[in-house]
Structures are given as C-alpha cells and as structure tokens.
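One chain follows as structure tokens, the form predicted alone.
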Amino acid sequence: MALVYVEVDGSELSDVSLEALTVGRGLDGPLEAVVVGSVPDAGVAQLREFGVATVRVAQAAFLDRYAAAGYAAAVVSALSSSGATVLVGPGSPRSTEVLAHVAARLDTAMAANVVEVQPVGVGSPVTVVRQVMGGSVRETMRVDGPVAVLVVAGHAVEAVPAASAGAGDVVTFAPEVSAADLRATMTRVQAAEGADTSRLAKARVVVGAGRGAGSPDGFGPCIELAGLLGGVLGVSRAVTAAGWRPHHEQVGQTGTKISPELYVPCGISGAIQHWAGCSSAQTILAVNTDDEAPMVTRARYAVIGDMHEVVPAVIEALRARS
C-alpha cells in the first residue's frame, strides 16, 4: 500500500499534492495520506475525493514552524503506523527535502522526478519512470528497499479524482521528535515585493520572452499579448541574469515550472534548463527566427520570424476580432 505526504496550500491541498495522490492511488492496496500540522475541512474533502481511506495528521506545537528533519520524523512515524511499503510525495522543494530526510533515516532508496509508477505486488520492487537531464530524457528504474520513497515531478502528472471516494477517516497523532530534529527550523517567511510565483505556476496561458526581446524595454508587446489571452508573462534565465526582468517571472529548472494549456515562447531558444520548466505545457507555439532552435523543434506549432514583428501583428489581429 502507499502513503502519500501531502502539503496544505491555504484552505486546500497544493496542486502538486493532488498529483502525488493520483500516482499513489495507482499502487496496490488502500491509499493513506499524512499531513504535518492541521488540515482544513476542504482539504479532507479533497483527500476523500482522491480516494484516501485514512488521513494521518501529525500535530505538535513544535511543528508549527517548518523543520525538515522534524517533519521527516513525523512522516516516519506515520509510515510505521500505516505499514505502507511506498511513500509518495509531491514535487515541491519542501517535500523533496522532507522525503530525502525520510529516506536517509530509513536507509532506503529514493527516486525523484517520478512521472509513472508501475503497480507492484507485496514484497516486489517498485519500478518507476522518471525525468532526468532536465526532463529531456526519461529513464526506467527499480527502487529496492523495505520502503520505496518517491517524489513525483511537479506538473508532469494530471491530477485526477478517484472513481469512488475514500472514507477519509482522520487519525491525529503526536510524533516523537528530538531536539536535534529541530535544530534547523524556519523562523520567518518574507515574499519579495510584487512577487507572485503562484500566478505563473497556475496560469492557463503563458507568453514567454527571451533574449530576443533585445533590451529591458522589449517586453511590452509580450506583456500585452499575455493580457489579451488572459495569461501572464514568463521569461528565460538569460533575461533574469541580465537584470531585464525579476526572477519570479523566470520559467525553468531554476525558476518556476509551468503546465499551462498554451505556452507561447518568443525569442527563446529552448535550452535544456528552460525546457525542464515548460515541458508539461499542453500546447507550445514558438516564435523564433531560427527554425532549428530546440524550442521550435519541440513545439507543436512554430512561427519563424522576428518576435518584434510577429507579436504586434498577433495583437492587432486579436484587437480586430474583439
């Protein structure tokens, strides 16, 4: 059976947690979930919707603030109680850190960037497919050990509710956490002024702009096009490295991973680091002067031309239609 570590985002579960639940549900046996801290009623309803039979909630005053080792101790306790042989976590930075601690404590194998898990019988190794080399290659690997620890690649799996709801019985427990587990604890969170990475991560449409913008003043048309399409602007690493746009707009391996219905990268060559952040887009329409650019060859559609000519023309056409 599988135990899924889930994270709460406001009043509901995070999107990547729903993706992890979808993967966990594909394994043999009943599905259980573990939450560190409180889980709102809406979150419990989502867990039931995704087929969870038992929700294990670790509650303790010393876990009110994030501590990776402390959270890991709580997850290990939930694992022991559940008897699960597979632990699945969402593809977020914190989840990856917590599950890495769990794997170290259990001296077991961990696979990250998982996109598929093959159902297994009791006592059999887990076989997974995962993204490597920035998502440009997929490899199949076997994860041996008493417990297989898996981190699902963010936005690479569609979150799908279960055919029938789970019982979602909530079991609260107080984990044993040592003082050493709390030596590194989050003390404060401060968002950068004007930064809202959630808009980029959750956008249905993203218009990208790369070095082809030419200067800090070259992004106006792409911003306008994003607005007309009901989307947001995303940029490449080269743009943020040059100081032309803020880092929270960066798409890529070291930026935000996106999975929009439509991605329109303009003047972006498509280096592997950028592709790692946008490969989950449903449809990609690239605008580039180079017909052999990696982004163009990977896109479903492409317009070969200068973004400074193509984007204004598209804007004009959209305005005419509206």
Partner chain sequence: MAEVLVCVKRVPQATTEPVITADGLGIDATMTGSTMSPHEECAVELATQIADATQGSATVLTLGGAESVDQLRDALSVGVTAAVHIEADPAAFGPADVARAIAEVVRAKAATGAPYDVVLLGNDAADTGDFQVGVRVAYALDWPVVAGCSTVAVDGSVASCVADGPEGTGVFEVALPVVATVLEGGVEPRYPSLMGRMKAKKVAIETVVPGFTPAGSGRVGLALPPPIPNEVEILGQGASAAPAVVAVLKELGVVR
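Keep in mind that this is a model prediction, so the values were computed, not measured. So that the term is clear: the rigid core is the largest set of C-alpha atoms that superpose within 1.5 Å between two forms. Residue numbers count along the first chain shown, from 1.
Note that the form predicted together with the partner chain isn't included here; everything after this is about it.
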query	finding
Residue 299, heavy atom within 4.5 angstroms of the partner chain in the predicted complex	yes
The partner chain contact in the predicted complex: residue 163, any heavy atom under 4.5 Å	no
Contact test in the predicted complex: residue 262 vs the partner chain, heavy atoms, 4.5 Å	yes
4.5 Å heavy atom contact, residue 141 to the partner chain in the predicted complex	yes
Selected contact from 201, 233, 229, 156, since only one has a non-hydrogen atom within 4.5 angstroms of the partner chain in the predicted complex	229
Contact residue in the predicted complex, from 174, 171, 223, 132 (heavy atom within 4.5 Å of the partner chain)	132
The partner chain in the predicted complex: contacting segment from 214 to 222, 124 to 132, 83 to 91, 163 to 171, heavy atom within 4.5 Å	124 to 132
Within 221 to 251, the residues that have a heavy atom no more than 4.5 Å from the partner chain in the predicted complex	229, 237, 241, 247, 250
Large Cα shift (2 Å or above) at residue 33 between this form and the one not shown, core-fitted	no
Core-aligned CA displacement of residue 239 at least 2 Å between this form and the one not shown	yes
Threshold 2 Å Cα movement between this form and the one not shown at residue 207, rigid core reference	yes
